[in-house]
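The chain below stands alone and is given in structure tokens; this is the form predicted on its own.
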Amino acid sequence: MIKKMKIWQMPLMVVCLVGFQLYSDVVFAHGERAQQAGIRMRTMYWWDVDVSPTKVKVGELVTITGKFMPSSFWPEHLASSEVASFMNIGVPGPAFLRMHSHVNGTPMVRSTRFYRGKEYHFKVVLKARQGGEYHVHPVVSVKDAGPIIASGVWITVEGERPDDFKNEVETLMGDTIDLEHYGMQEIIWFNAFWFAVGVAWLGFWFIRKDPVLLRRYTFIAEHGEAEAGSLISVKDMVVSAAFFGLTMVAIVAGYMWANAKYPNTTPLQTGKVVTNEIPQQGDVLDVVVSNAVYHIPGRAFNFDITVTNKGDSPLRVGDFATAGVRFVNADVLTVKPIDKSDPVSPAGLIVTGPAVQPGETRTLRVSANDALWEKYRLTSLIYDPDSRFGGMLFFYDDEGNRYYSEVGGVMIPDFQNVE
């Protein structure tokens, strides 16, 4: 019987519902806010991520491109991307088919190694499989460390998957098969068989007159495990042996049947591929970070950089990227967020100091100020036992050419107001 709600419970329920509505956008994210700030800031840097198009129909293709770099400040307690990594796409459920995946032009059908401080370009082609709206993320899965997630982009897929939707591939034997339905009949029969065996096994123990679990547990608790043998009858042993024999026969018969029907098979490939090298950025500038402070009341991250310009053109700081969040200097760039969830602050970067001239060494104050620090839970770094940050600074010359430099160091929290 359902009890009536008490009067004092009604305001509490209203507060919970309102809070859910206000903060429900958090659940739309695909995990990029859940990871620790220190992990997101010091593992993988992502930039130039592009998804095209963002509105497709079922069966149409979506291309995702971008760049990433494993951080030189990779946490020591975390497994490294140089051991084993895999380029992937994170999306809720089987909404897309991955048609192609490349990093630096190398097909990513296996895992590889991504070395710290090196730039990598990726391209993934997806085919829309199921209608809906999906938050899609580039992901690098690192062995023993888990997925390192980039910021996501919303993709709208119109229509529903038709019954004749196909995912056809050609095998090494020259046969064309549809992976949507291939082997489905065998899968159903095998699962139904083992489900029936499991139900029969449990049924044997639960149809007995004496309760199976609670009474036996109480008996052992009172008399000790040494007396547990007295609970097993000859009938129990005979039935158990029969089930064991049936299981062994089913396994052997299934192996023989599969070997006869599919004589030509290839084992799952576990080796690593070697990713192609691409030209890295030349020695254009040196950047040294000092005095990095996060001002908690003002949600402002300030740090000083000493820049040496080794190029031929003046350089200005255009944006700062960390943990998938981008702070832009509006005096240098005009950037608009891709969608409602794009973590970009179009005017969140303030740089104090003029452009760095060729051959000049100059100290600049960089301030990244925006509520994104709180929204993306990056302020939790101040409670980390290793409060170090990492990120990418992008510099631009007068012709729009871009140069990057990885920066990082110790972040000191400041609980006073920003001066």
Partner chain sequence: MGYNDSVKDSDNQSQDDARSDMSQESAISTPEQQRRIFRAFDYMLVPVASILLGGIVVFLVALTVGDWDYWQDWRDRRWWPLITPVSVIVAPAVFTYFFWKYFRLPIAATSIVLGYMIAAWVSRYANFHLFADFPMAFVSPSNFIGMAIILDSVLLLTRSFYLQGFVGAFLWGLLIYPLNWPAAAAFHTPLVWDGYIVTAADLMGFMYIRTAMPEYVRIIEESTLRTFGEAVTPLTAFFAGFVTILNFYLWVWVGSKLAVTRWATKLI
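Residue numbers count along the first chain shown, from 1. Keep in mind that what you see is a predicted model, and the values were worked out from it rather than measured.
FYI, the form predicted in complex with the partner chain isn't displayed, but the following is about it.
Peer 1: Which of these stretches, 150-158, 315-323, 249-257, 299-307, has heavy atoms within 4.5 Å of the partner chain in the model of the complex?
Peer 2: Of the options, only 249-257 has residues within 4.5 Å of the partner.
Peer 1: Please check if Ala330 has a heavy atom lying within 4.5 Å of any heavy atom of the partner chain in the model of the complex.
Peer 2: So Ala330 does not count as contacting the partner chain.
Peer 1: Would Phe86 show up as a contact with the partner chain in the model of the complex if we use heavy atoms at 4.5 Å?
Peer 2: It does: once the partner chain is placed as it appears in the model of the complex, Phe86 has a heavy atom within 4.5 Å of it.
Peer 1: So in the model of the complex, is the partner chain close enough to His121 to count as touching (4.5 Å, heavy atoms)?
Peer 2: No, no contact at 4.5 Å.
Peer 1: Please tell me whether any heavy atom belonging to Glu225 falls inside 4.5 Å of a heavy atom of the partner chain, as the geometry stands in the model of the complex.
Peer 2: Within the cut-off, so yes.
Peer 1: Quick check on this chain: which one of Ser80, Ser345, Ser341, Ser111 has a heavy atom within 4.5 Å of the partner chain in the model of the complex?
Peer 2: Looking at the other structure, the residue within range turns out to be Ser111.
Peer 1: If we check the partner chain in the model of the complex, which of the residues in 142-162 reach within 4.5 angstroms of it by a non-hydrogen atom?
Peer 2: The stretch touches the partner through Val142, Lys143, Arg161.
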